[in-house]
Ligand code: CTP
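Quick heads-up: it's one chain on its own, the form predicted on its own, in structure tokens.
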């Protein structure tokens, strides 16, 4: 299989040096790419993280959500499975300052607008003909929820027309371990107890490749 995997937290620049982002380390996405390669699959990693890419991965670095979307659209036709692990920024400045914003004693207001929903786009286009074969394409999303974890994840699974949703909590951010819950339409929840992200990634790849 050819896995297309996104990782890291995207950056939305306010001016030439400052940006809006989040605490995502990118570790799970990198672990998934490494697990896919180790299992004999092909992995393209689209990353906004500064981590060292796994050996054998086709690495593409990006900064913003818009840049990530551009690359996903370009690579999507040749993948068998898209795994959106990246913590993409939900908002971006309406206007980026062309110069560094100077500090003053006045309050600063920054207007934001929603970013493109990459996962929803993928769910809408997942059944389009693939460049490599005619079989079905899987679209997998991650749902980070701090309350009502399963309810929030199931809503995302349905609304974005996904094949798999993987739910986790803020406790996983930056950690080398994770505990996740996995849901597919019409199936019961599968709970993977806390383990190293490398082990969780191995089990996820095995599940998707079967």
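Note that the coordinates shown come from a computational prediction; the quantities given were computed from them, not determined experimentally. Numbering follows the first chain given and starts at 1.
This next part talks about the form predicted in complex with cytidine-5'-triphosphate (CTP), which is not shown.
At the 4.5 Å threshold, heavy atoms of residue 156 reach cytidine-5'-triphosphate (CTP) in the predicted complex. In the predicted complex, residue 115 approaches cytidine-5'-triphosphate (CTP) with a heavy atom inside 4.5 Å. Interface residue remark: residue 142 is counted as part of the site for cytidine-5'-triphosphate (CTP) in the predicted complex, having a heavy atom within 4.5 Å.
Among residues of the shown chain, residue 81 is not one whose heavy atoms approach cytidine-5'-triphosphate (CTP) to within 4.5 Å in the predicted complex. Heavy atoms within 4.5 Å of cytidine-5'-triphosphate (CTP) in the predicted complex map, among the stretches 180-188, 156-164, 28-36, 45-53, onto 156-164 alone. Taking cytidine-5'-triphosphate (CTP) as positioned in the predicted complex, the residues of 88-102 that bring a heavy atom within 4.5 Å of it are, in sequence order, 88, 89, 90.
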